[in-house]
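Heads up, the chain below is alone and in the form predicted alone; it's given as structure tokens.
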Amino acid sequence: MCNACNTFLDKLIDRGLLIETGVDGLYGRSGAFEDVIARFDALITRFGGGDGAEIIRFPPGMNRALFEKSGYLKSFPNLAGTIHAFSGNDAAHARLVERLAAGDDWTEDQRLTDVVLAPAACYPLYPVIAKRGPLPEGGRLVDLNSYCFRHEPSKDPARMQMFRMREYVRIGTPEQVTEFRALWLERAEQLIGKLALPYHLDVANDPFFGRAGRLLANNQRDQRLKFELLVPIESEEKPTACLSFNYHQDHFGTLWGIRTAADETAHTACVGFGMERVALALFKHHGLDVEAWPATVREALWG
């Protein structure tokens, strides 16, 4: 065991639970780490699987044109991840190889593709739902799980650049979606209670960019549109958001033209689970050896 491992990240890497890649916030995961995530994923399903959600799994990339329309770049340009590819001819390829060998910038002929990295599991969903036409009378409930990307390199292991997000998304009338969020606020406390993790719920806001973003953040908090379930991982003073509960009002319904059965603009809400963050919280509070975790926690995850 490493005697010089001073940080939680050092200990995770020394134990082999996370694997360094040379880029902050980008890690490989061991089989033990993945098993914890798989067990937590199954626990989420035990709480929400009986609600009849449609299961959809998108890849971590999404249509760039739809991403541009989503408005993400207006609010979070610093977090967005784009995908580029070589578009040159033979001469351009020769220049690329020459510059690569010299350690120079070789990206001159890289061009933006039609694919960007999804910033959240739900972003590809709304245009898909809109294309289906008016919602059924009971609205829709969708179960999502995807790798996501946000460009915020950090030594904090809970702030990964590529991470998995499980979401339940409710689309329907204001009454349907607010009832859904209230249900999951209650369920989340029961779920995290089974994992014996310290937590508290708090009003929150998204990290909107710039001066205008501060106004949006204040408005979001004032209207109590976002709550987070916070667990200390890297810091007791600044606990980490492991679950989020978001009421988007009619934002996505208006943007994508999603209509209810009564031909009104649909409202949306979601509950999001940070899969790696919850796993990290478990390792932080119960130790790096899963065999030594409390019996009640092991029972909740492994049965």
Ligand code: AMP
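Position 1 is the first residue in the sequence shown; the rest follow in order. Since this is a predicted model, take the numbers as computed values, not measurements.
The discussion below concerns the form predicted together with the named molecule, not included here.
The stretch in contact with the named molecule in the predicted bound form, judged by heavy atoms within 4.5 Å, is 154 to 162, chosen from 97 to 105, 176 to 184, 154 to 162, 84 to 92. The partner is absent here, but in the predicted bound form a heavy atom of G272, alone among G48, P239, G272, G61, sits within 4.5 Å of the named molecule.
A single residue from the set D114, D202, D206, E189 has any heavy atom within 4.5 angstroms of the named molecule in the predicted bound form; that residue is D206. Contact with the named molecule in the predicted bound form, defined as a heavy atom within 4.5 Å, is made by all three of R150, N246 and R277.
Shown alone here, R140 lies farther than 4.5 Å from the named molecule in the predicted bound form, counting heavy atoms only.
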